[in-house]
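Below sits a lone chain in structure tokens, taken as the form predicted on its own.
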């Protein structure tokens, strides 16, 4: 049975690809789900700035089969500047030519997984933005369970990629669910230890996500501008112009500065079909990438 502030979901799908970052052009999947993919599934079902998830474990029900897929992809991406230009003057932007035989199209292989199923267990914690008693763990745990039982989600969760849709179901007890599914599938429970090597944990530090995130309201933005204007009231006009440009470029529009993506890795090991993922147990601060 889960501890009081833990939740478990059973997720499954026809295909999955948890891309190894060292092979991102010709995609190659990790053999099991990564913690960041599990977090994405939970956040697709329910998330608010006042709470966040820490993935505790991933139990493997169906490991899946390796499958090679050849897909039509594009070699270019649309830049933010191009998108802004298109909004002002669409005729000045050259679109990406996609499709078979197009100038920007290409064919690439993908080594993915077919027919997978996992049990994701996560701890739910409050961020500093939570305001008790209105915001409390019980409220969020009930909301997550209700949405999972009803099949509700903000957007369709995926198994590593958006096109690989994931189905999900609420499970109150991960160990009981694992035993039940093994019986239903007429397969033995996984036993023993299997090292999976270095695995991507997440591209955002869990400690950074613990701070929460909220866009500032209009009155808070106005107060920010008023405070700045007051601070430069006695400064020369030329210096005011310079500082206003700096203020506009670096102005905070949320309660915290945007997180800078930085890959974190951990030593992944399957023990009896269970991948231990809690960051306080598996992450050390020197596991980040360059």
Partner chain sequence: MSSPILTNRHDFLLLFEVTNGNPNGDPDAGNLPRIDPNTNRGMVTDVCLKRKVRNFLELFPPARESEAENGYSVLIKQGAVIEREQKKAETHAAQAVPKGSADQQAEAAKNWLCREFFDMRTFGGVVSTGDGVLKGSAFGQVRGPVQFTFGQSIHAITPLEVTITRCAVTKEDDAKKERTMGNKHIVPYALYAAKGYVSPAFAERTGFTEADLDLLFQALLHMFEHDRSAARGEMVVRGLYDFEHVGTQHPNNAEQNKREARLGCAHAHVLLEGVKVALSDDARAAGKTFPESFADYAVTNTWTAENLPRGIKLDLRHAGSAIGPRQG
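Positions refer to the first chain, counted from 1. Nothing here was measured: the structure is a model prediction, and the numbers come from that model. Rigid core here is just the name for the largest C-alpha set that superposes within 1.5 Å across the two forms.
This protein has a second form, the form predicted in complex with its partner chain, left out of what is shown; the following refers to that one.
The closest non-hydrogen atom of residue 210 lies beyond 4.5 Å of its partner chain in the predicted complex. Using a 4.5 Å cutoff between non-hydrogen atoms, residue 91 counts as a contact of its partner chain in the predicted complex. Within 4.5 Å of some heavy atom of its partner chain in the predicted complex lies at least one heavy atom of residue 70.
Interface membership of residue 220, defined by any non-hydrogen atom within 4.5 Å of its partner chain in the predicted complex, is ruled out. Residues placing heavy atoms within 4.5 Å of its partner chain in the predicted complex fall in a single listed stretch, namely 157 to 165, out of 190 to 198, 121 to 129, 157 to 165, 171 to 179.
Within 4.5 Å of its partner chain in the predicted complex, a heavy atom is found for none of 20, 139 and 144.
Counting a residue when any of its non-hydrogen atoms is within 4.5 Å of its partner chain in the predicted complex, the hits in 50 to 85 run 65, 66, 67, 68, 69, 70, 71, 72, 74, 77, 78, 79, 80, 83, 84. After superposing the rigid core, the C-alpha of residue 65 moves by less than 2 Å between this form and the one not shown.
A displacement of less than 2 angstroms separates the C-alpha positions of residue 193 between this form and the one not shown, with the rigid core held in common. For residue 47, a C-alpha deviation below 2 angstroms is recorded between this form and the one not shown after rigid-core alignment.
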